[in-house]
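We begin with a single chain expressed as structure tokens, specifically the form predicted alone.
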């Protein structure tokens, strides 16, 4: 794994709750190799989503360091952080985080608004991403009229539209039935086989079992795990 595409060194995240210190993360060390498919497991409130947010530059650690391709995010400017969030990472969330009364195509195009992709190319790129996840025929449908599985495919298309190096998924199957969960995991595995690095936060053991490696969090502390045979 060498130095890893992502590396956390002694990362802690502290909040003040009722006048006392509360640690969502405690001295976490983690190395993620390029092309890995990693599950991060733990009960509700264990710190797994906090960990994902720090990795994805959505939140900052109280102490310790997060490095992306060997560079500390502490040295990034605000504009560099915004670019990393938009181009290096693709995000997939449990509640989809889509714009309900806009079309699927508009939602997939949304990340390209921020990197000034020419309008003439935007639709072509978005439709290609939708084709990749099997939802191109739904491009003109409004999100509010789509099923949970369709919404999550739109969310994954949106996550890959800028060809990110890393996909971060926070409970991406939490609102889906078993069949749809398996379909979505098949899609993640296919993307991983194409070289995408994928981190999935989940409480579902079946989802975790589909990943190549698993780490677990309990009370903010990270425990290494297993590698898939």
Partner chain sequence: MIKKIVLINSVLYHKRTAVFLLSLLLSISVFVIVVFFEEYAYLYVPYESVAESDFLDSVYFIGYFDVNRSDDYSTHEELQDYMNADADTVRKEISSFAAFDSIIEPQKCILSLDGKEHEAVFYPDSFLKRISVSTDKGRWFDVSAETDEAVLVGEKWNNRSVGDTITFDDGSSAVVVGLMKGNTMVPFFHGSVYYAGDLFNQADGYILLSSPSKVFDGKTFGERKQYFIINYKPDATESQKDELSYYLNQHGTIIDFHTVIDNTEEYMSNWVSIHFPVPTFLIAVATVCFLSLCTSVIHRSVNEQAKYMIIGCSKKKSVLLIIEALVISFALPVASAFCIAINYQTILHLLGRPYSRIYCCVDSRCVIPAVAYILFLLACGILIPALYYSKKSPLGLYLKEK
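Residue numbers count along the first chain shown, from 1. If you're wondering where the values come from, they're calculated on a predicted model, not measured in any experiment.
The form predicted together with its partner chain is left out here; the points below concern that form.
The listed set 67, 58, 189, 165 contains one residue whose heavy atoms approach its partner chain in the predicted complex to within 4.5 Å, identified as 58.
Out of the listed residues 98, 105, 129, 146, 98 is the one that sits within 4.5 Å of its partner chain in the predicted complex by at least one heavy atom. In the predicted complex, at least one heavy atom of residue 114 sits within 4.5 Å of its partner chain. Proximity of residue 78 to its partner chain in the predicted complex: non-hydrogen atoms within 4.5 Å are present.
In the predicted complex, its partner chain sits within 4.5 Å of a heavy atom of residue 85. Taking the partner from the other structure, its partner chain in the predicted complex has no heavy atom within 4.5 Å of any heavy atom of residue 153. Listed stretches are 33 to 41, 58 to 66, 195 to 203, 178 to 186; the contact stretch with its partner chain in the predicted complex is 58 to 66, by a heavy atom cutoff of 4.5 Å.
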